[in-house]
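This document opens with one chain alone, in C-alpha cells, the form predicted on its own.
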Amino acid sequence: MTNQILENNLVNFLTNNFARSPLQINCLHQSDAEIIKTCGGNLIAVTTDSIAEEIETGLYTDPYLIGWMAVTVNLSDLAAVGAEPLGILISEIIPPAFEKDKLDRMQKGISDTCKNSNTFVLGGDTNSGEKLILTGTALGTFPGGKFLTRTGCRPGDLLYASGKLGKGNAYAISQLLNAGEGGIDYLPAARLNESNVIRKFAGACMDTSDGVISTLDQLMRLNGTGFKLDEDWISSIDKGSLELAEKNGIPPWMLLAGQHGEFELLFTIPPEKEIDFLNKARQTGWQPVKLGKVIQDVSIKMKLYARLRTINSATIRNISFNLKEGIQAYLRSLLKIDREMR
C-alpha cells in the first residue's frame, strides 16, 4: 500500500540500488530512525534530517527557530523509536552575506535545544553556499535493548498522542498567510522523556513531523489496519490553534490534515496495558491525549459535519507533492476537499 503515496515512491526509487545492511533491524519506511545492531550485539539509532525547504518557503525565518528545529527534527526521530540520544552532528551551509548576529542567534538555538534535551553537539561540518541549509545527524542508544517501530498496530489497540495536536499547522497558517496577531508560539521539543514511558507499552509509534493525518496514513499502510478517531477528537487539538483557525475560516480538521507537524508522538497501546501505561505516565507528570482506536478496516475515519467520514488520506498526502504553486494553492486544495465533504 505504500506505493500509493508519491513521497514513498520517491524514497523507493532513491534507495532502489542500495544494498540493505544485514545489521539493520528495521525495513524501509518502517521506523523514524534507522536501528542498527552493532558487532557487539548492542543497538544504536541513527537519523538525519535537514532544514532547507522550511527556510526556502519562508516557514522558518527566525534564525533561533532554524537552529532549534535543526536539532529537534532529529531528536524527535530518536524519540519515535524509543532511543536516548548520544548526541548530534550538525552540518551548516552558510551564505557569505548571512549576518553575524543572525548566525549567533542560530547557534544559540542549536545550543539551547541541546541543553533542553540533555544532549550535545558532537561535531559537524561548515561550508559556504548560496542558500542557508542546516542538516543534523543524531545518534541514540536503547536502554534495555527495547525499541519502537511504526509497525505493531492491532485492531482494538488504543491510539494516543503525546500532547495536544495541530500547533504545527496553525503556526504554518500564521507564518505563511500572515494570519492572526502575534501568530503561534511554536518551539516544539522532542518527546524524549515521554518516549521512555511509551517504549515500555506501545505497539507502534511515529512522530507527527508531517502532520497527524499523514502520520496515521503511513501507519495504516505499514500495518494493514485503520484508525477511527473518537467523536470528541477536536478536544485533542491545541486551544490557541483552534482559535487561530476559526478566525481565519480554517475548518478544525485541517489542523490535522496539513503537512507541517507539531512533533508529537502518535502511538498505539494494547487495551490490556492501558491502565498500567496511564499510571506510569501520571507518575512522570505527563498526561497523554487519547485520540481513538485501531480498527480492522484499512481506512481513517472521523466524525465530520454530523457524519462518520472516511478521510481520503492518500489525496491529502499527495497534494503537497504535486503542487508547485505555493501555500495558497495548497490551502485551496484542502478547502476543496472540505467542501466536498460538506
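The structure displayed is predicted, hence computed values, not measured ones. From 1 onward, residues are counted along the sequence shown.
Missing here is the form predicted together with a further copy of the same chain; even so, the following discussion is about that form.
When contacts are defined as a non-hydrogen atom within 4.5 Å, none of T208, E262 and E272 contacts a further copy of the same chain in the model of the complex. The single contact residue among Q107, N116, N193, N248, judged by any heavy atom lying within 4.5 Å of a further copy of the same chain in the model of the complex, is Q107. Only one of 151-159, 236-244, 217-225, 82-90 places residue heavy atoms within 4.5 angstroms of a further copy of the same chain in the model of the complex, namely 82-90. a further copy of the same chain is not drawn, but in the model of the complex it has a heavy atom within 4.5 Å of L23.
The shortest heavy atom separation between G183 and a further copy of the same chain in the model of the complex exceeds 4.5 Å.
Taking the partner from the other structure, a further copy of the same chain in the model of the complex has no heavy atom within 4.5 Å of any heavy atom of A306.
Within this chain, T135 lines the site of a further copy of the same chain in the model of the complex, having a heavy atom no more than 4.5 Å away. Shown here without a further copy of the same chain, the chain has F120, V121, L122, G123, G124, D125, T126, N127, S128, G129, E130, K131, I133 in 116-133 lying with a heavy atom within 4.5 Å of that partner in the model of the complex.
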